[in-house]
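Just one chain is shown here, as structure tokens, and it is the form predicted alone.
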């Protein structure tokens, strides 16, 4: 069994999880409640001094775990693919300025072409960005998404596909992000998590739950324990690899965004300690 969670020191919350809060409100509340880490979504950096934003977060004893989200490499024209690559290179520079050690990649897909062709474009896109990531010491985490998102959001839909691509690229700066929402259904998940551990490229672990019934596949994620995902079991597999990073709560939920965010944060912490 996974070890009991005793405190919030390994809890990271994505800013998108408490979307109604601005960055100051979110970071103040996280810090006040002993949350150890924060993953910053790129939208909250608009119009801000990125370096000073990083300093502000660190002054509250929050570890900046990652910057979300890069990727979206596939497209039906070379010019569009170049725009995506250039934007990811810019994001590498933003991560370095913020002091985030990693970018999470939602790799993208182009519905007018085969998934195989999109995967080839994803690999080429990562390889084009990689020299800049290495130069700035920024890791790139390939996040497999549920097959329901294979039309436009990601042609990488299983851990096996993510591991295959990371191994082909063969860089210590390219690894995999495990998100239970996207991967809980996969009968090969345990094997592929362990494979990831053998290659020392398990970079991130995202948690939430799959509600039933699901009202909206994008914006109706549940708190841990609210659905059908055995989060503690998957956490055990992840920790068996030697992973000692943060457990990142990433929840998109119209229902939870509509409630008082302090009450929601209290629910997150309770679910994290007792259902994760």
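Since we're looking at a predicted model, the values are computed, not measured. Numbering follows the first chain given and starts at 1.
The protein also exists as the form predicted together with a further copy of the same chain; that form is not presented, and the subsequent description refers to it.
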query: The unique member of 139, 119, 195, 81 whose heavy atoms fall within 4.5 Å of a further copy of the same chain in the predicted complex; finding: 119
query: 4.5 Å heavy atom contact, residue 86 and a further copy of the same chain in the predicted complex; finding: no
query: Exercise: residue 205 in contact with a further copy of the same chain in the predicted complex, heavy atom 4.5 Å; finding: no
query: Contact test in the predicted complex: residue 77 vs a further copy of the same chain, heavy atoms, 4.5 Å; finding: no
query: 4.5 Å heavy atom contact, residue 199 to a further copy of the same chain in the predicted complex; finding: no
query: Partner-proximal stretch of 107-115, 87-95, 124-132, 170-178 relative to a further copy of the same chain in the predicted complex, 4.5 angstroms, heavy atom; finding: 107-115
query: In the predicted complex: members of 7-34 within 4.5 Å of a further copy of the same chain, any heavy atom; finding: none
